[in-house]
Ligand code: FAD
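So this first bit is one chain, no partners, the form predicted alone, shown in structure tokens.
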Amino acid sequence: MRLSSQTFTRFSPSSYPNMTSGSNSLMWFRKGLRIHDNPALEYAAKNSTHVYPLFVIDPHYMKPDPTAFSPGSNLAGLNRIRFLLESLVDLDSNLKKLGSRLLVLHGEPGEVLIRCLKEWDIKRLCFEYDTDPYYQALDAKVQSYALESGIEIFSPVSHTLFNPADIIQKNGGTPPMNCLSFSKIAGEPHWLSSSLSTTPSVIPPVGDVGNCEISEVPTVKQLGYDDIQEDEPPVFKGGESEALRRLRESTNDKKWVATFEKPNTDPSAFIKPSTTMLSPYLKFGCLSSRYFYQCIKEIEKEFKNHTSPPVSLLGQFFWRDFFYTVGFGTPNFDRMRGNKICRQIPWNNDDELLAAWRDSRTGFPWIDAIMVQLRKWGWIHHLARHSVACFLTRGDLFIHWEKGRDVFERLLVDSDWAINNGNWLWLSCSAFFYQYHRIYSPITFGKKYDPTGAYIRHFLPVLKDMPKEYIYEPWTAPLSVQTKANCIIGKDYPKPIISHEIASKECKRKMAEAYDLNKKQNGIVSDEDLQNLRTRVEDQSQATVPRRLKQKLI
């Protein structure tokens, strides 16, 4: 598929006069780290004498945090930071092919932007619209200055298929609360019938940068990170060039694209994963979701019996936009308290259990292998995410979903504010999905995909010689079998930290009581109500569980 030269814009300001030729434009990159289908970049280049493509290294996101549980900043693990830097290097390279370059500055982005707007005599500020709360606040600050200074602002919606504000307006002022409703309201994207904007043939050169200290894209070492010895090379290489290469590779098998059904993909596949693995490139905008969507639509035209949303590849885009829309339209979407769509549940506060889950020490090989893959790859299959999220929250440990969300936010290369929070709300049965009695077994769920345990053996080599009969429950293996496998449970690999059979029943009981309280209070649960419920369910658990747990695990 070839992108045509037609321009596509959303959020185009109608009150500004046309900018005269000879003015300076600033293209502020955050996500949208690409040349193709980038309406903000195209608009910045139009009728400008100079264009300043800028990325700001934000210490809020990039500064090393030596106290964190894994290498990285306090917000992002090193895998994601490395991916971002590689994406910036590739963006710089692609800009240079068009006669431009990427300008890199360091500092608080709002302050840096305002300084650049002054220093470079900018008349037009262009950036892709972002719904994340952090950028919403940042953009308001920058736009306030720009408007006061008479600077034209162009901020198109191009990270998602739809404008979340439009969907909310069509739904009467609130976001639709399920993907089916969302897709009915959204329909087909209005831009689908017209071609997307092409890569600019040329971008006006960068002008005088004045006293601004421009740098090249830094390396992780230059940011202050020590050299990290990798067991294996990173799975993902950042950048638009790699994104488009992977897209071509993923869409070469047109039948696979047309018949894709996400629920039928395999969470244990690791040599050749069963999905596109393009999510990191969509997260950073190295790949245009709209371009990807059009590629799939063209392939589907060749197949009469292609799959349909919500399970098809196109359906995955609707899920993505659905979570963006709900996140955008729901105050406090990223927390339990003050979030009107979130059930109030008296989650446990147990740092030891949380750390065991996070650090692959639960004693359940399926869960631990997934968490090892997450730490190493920065990516796990969506059903693997379901397994470990359910285990941490409503399935076994009853730990707050916000704690698990924070771990995913740090370790996932593709971590996306709206999607990450939405999925944790869903999988903890706090919102969207309420069948809390349907629990992913940490033993049998993985076994149906991978009965021999190849996935576990790869990511937990300590269990590589454990016979397949015991690979999912190694604590049940006789000592002679453990000895032969060079893996003594409780010494070389942990014993289970809980009894799944007992813990899952306790979780169901606690969820039932929490649901009853939310129903009685019509969703208005006070801190006192929640604390009283927490005390009651904990007292009930302490009266029955410890003795049975001890009997079960000895």
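Numbers follow the displayed sequence, beginning with 1. Source: prediction; values computed, not measured.
Not on display, but discussed next: the form predicted in complex with this ligand.
None of the heavy atoms of His190 is located within 4.5 Å of this ligand in the model of the complex. With a 4.5 Å cutoff on heavy atoms, Trp379 counts as touching this ligand in the model of the complex. In the model of the complex, this ligand sits beyond 4.5 Å of every heavy atom of Ile399. In the model of the complex, this ligand sits beyond 4.5 Å of every heavy atom of Leu98. Although the partner is absent from the chain shown here, Met277, Asp416 and Asn420 each have a heavy atom within 4.5 Å of this ligand in the model of the complex. Per the 4.5 Å heavy atom criterion, this ligand in the model of the complex is contacted by stretch 380-388, the sole one of 110-118, 475-483, 137-145, 380-388. The listed set Phe323, Phe83, Phe364, Tyr455 contains one residue whose heavy atoms approach this ligand in the model of the complex to within 4.5 Å, identified as Phe323. For the options Phe260, Phe328, Phe459, Phe445, the residue carrying a heavy atom within 4.5 angstroms of this ligand in the model of the complex is Phe260.
In the model of the complex, the residues of 309-332 lying within 4.5 Å of this ligand by at least one heavy atom are, in order, Leu313, Gln316, Phe317, Trp319, Arg320, Phe323.
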